[in-house]
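Only one chain is included here, represented as structure tokens and corresponding to the form predicted on its own.
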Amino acid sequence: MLRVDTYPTHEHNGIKIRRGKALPFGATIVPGGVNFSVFSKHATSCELVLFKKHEKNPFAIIPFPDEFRIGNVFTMMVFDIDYENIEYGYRMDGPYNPREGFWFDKEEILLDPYAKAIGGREVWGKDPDWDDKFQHRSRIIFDDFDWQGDRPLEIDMKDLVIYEAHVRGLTKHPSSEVKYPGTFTAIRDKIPYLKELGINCIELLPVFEFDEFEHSKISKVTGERLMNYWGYSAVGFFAPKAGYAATGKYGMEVDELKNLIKELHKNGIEVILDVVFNHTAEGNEKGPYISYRGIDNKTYYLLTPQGYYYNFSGCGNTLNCNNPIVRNMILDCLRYWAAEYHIDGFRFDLASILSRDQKGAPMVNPPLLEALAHDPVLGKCKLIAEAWDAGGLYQVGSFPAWGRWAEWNGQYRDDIRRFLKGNGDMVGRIIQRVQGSPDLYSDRGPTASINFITCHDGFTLMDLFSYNRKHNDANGENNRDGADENYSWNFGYEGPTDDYGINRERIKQVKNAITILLLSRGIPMILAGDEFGNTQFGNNNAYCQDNEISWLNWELLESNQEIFDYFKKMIEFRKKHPVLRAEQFKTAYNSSGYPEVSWHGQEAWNFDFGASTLTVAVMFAGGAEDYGTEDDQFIYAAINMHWELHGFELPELPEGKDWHVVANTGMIPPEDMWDENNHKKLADQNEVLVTARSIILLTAK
């Protein structure tokens, strides 16, 4: 028996319609047709515009009758619609008064903010029809994907080793040797490699639909087209980037991404998405109409009293995140990705914007951040904040957390870099960072700290030790873009060199960096390619470079095999020692009879915490009763960032145990890193000599 609400009540030019349901927003397939629902508080009228796929002109424009409006929601059910072969948009009418915040223009066709798929950029870099007024087109999806029992992995936060990667850059270089380079499918081909490396979480730069042609231009330096490569400028929040899918031209990007996530989960690898809710691709007052501006500008954006856009994002506009409508959209979006795509967590770009009120002022208890922390659907998702914004709000260590939020620890990055470079006033800060930054997260624990030395934004790890200054000329901004202070050092020569001694020093510093990172409590994050010495040729802001500057060169994996092997073994070492992954700040004596974390100078148990020094040693003592291991675990790292050799007196171990060498960054393979079952016993159990700018890592057996 048919339901009453599956019968049409109206007809427009032969198309049968009836009043729809206000929720959910977006286009939803229902018995007999499709339910369309869109919010606008200030629009006076709305029209549904229907296209056949890829056609320039609509085949139907259907006004919403007044009785189809429920509160501030226009809703309509359209019967007998071929949802697989149409695209749709809206035309909104209302006041045009930018000074008051109103930008309505009935001639503009607008993308549905809740569109689950978006046409217009199905093939990366393929020029669209620029004369087409409707560039980004809402599409309807039928969700019949078979997950075959898959679910988010829910790996404990403390056990994560995060690998930050760009979907396209990971496999686009010819050396990647994949069938469909630069796509979601190609990442599946790299899963065996990721497993061998030992990472259990991949964090993808933005995969929400964006326009790679945004601000596109030809570089006067290289003659190449500069693109919106990173994608930190969402066109739509609910749709995956079609141009990242090998099947995007067939409209199958949703299934392709889900297949990738399913395969990663099968192999024990979580997926975190880098999400951008601080601004949209519509830019400032000179930007295009895409969606939000024409649907309800005053609701969606933070506006000055004069009607201009606040620009706390540095990208032209700022989403009005703590407006209830926008807040609910963000919640709906994240719930959708968690429930329908099985996403394990989210990293929020410029997350401090999410704590600003509707006048742009920081809030003590931002309702959006609290709602995300307590949302039932997101209850097991990792929530990670980039705890600053372009407007000067810096909240590292003070981001509103409710016991749920972790943070990109920018202080960790800067402090470790300076110490590695040889700044002698850093040791007090290094002690904090290695312990998980208790000075920042005393009430939240080490797992609140995402520790990183490099990320997509800045130098690669090899470039950090190959360049004294940024080389961003190819970006076309006269080298003015990107950070000026990188705490980098080229060891006497700018860029690549054939000098054996300089190259050995650079490789050693890469090993020093990953050693400290993986010994530090907190959550380590590695930039894709750092594990084999990838370079961006000194560019520290490659946001627009869709070329070999940004693509990982997999040939380096062969030439820098020793770096890869070292990374892999250090990750394995971290996984086998739970004392390095503690969830609480423990320094007191534990069941081992030793302090859980102790600091030493060149004399054991004698460290001057007020000194300015480049030599420091740390010992972790993991009691078997505390960590459920077969035996007490002892780890000692002698860190010498001085330019001269130094001896370190070793702490005495319990009877029957001896110090064995795990790693020595001052040595070349195979003596730089010893296999777990083949650690080399120290001949002298009282002292270890550490060469200049080196680390020796020991364990007790």
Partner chain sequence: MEIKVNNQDDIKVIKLIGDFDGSSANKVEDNIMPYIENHSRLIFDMGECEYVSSAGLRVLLIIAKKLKSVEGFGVLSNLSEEVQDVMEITGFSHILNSYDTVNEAINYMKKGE
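Positions refer to the first chain, counted from 1. From a predicted model like this one, the values you see are computed outputs, not experimental measurements.
The same protein also has a form predicted together with its partner chain, omitted here; what follows describes it.
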item	value
Segment that reaches its partner chain in the predicted bound form - one of 550-558, 110-118, 515-523, 77-85, heavy atoms within 4.5 Å	77-85
One residue of 574, 262, 456, 600 in contact with its partner chain, assessed in the predicted bound form (non-hydrogen atom, 4.5 angstroms)	262
Of 335, 179, 99, 469, the one that lies within 4.5 Å of its partner chain in the predicted bound form (heavy atoms)	179
4.5 Å heavy atom contact, residue 247 to its partner chain in the predicted bound form	yes
Proximity of residue 255 to its partner chain in the predicted bound form, heavy atoms at 4.5 Å	yes
4.5 angstroms heavy atom contact with its partner chain in the predicted bound form for residue 185	yes
Partner contact for residue 148 in the predicted bound form: its partner chain, 4.5 angstroms, heavy atom	yes
Sequence-ordered residues of 578-617 touching its partner chain in the predicted bound form, heavy atom within 4.5 Å	none
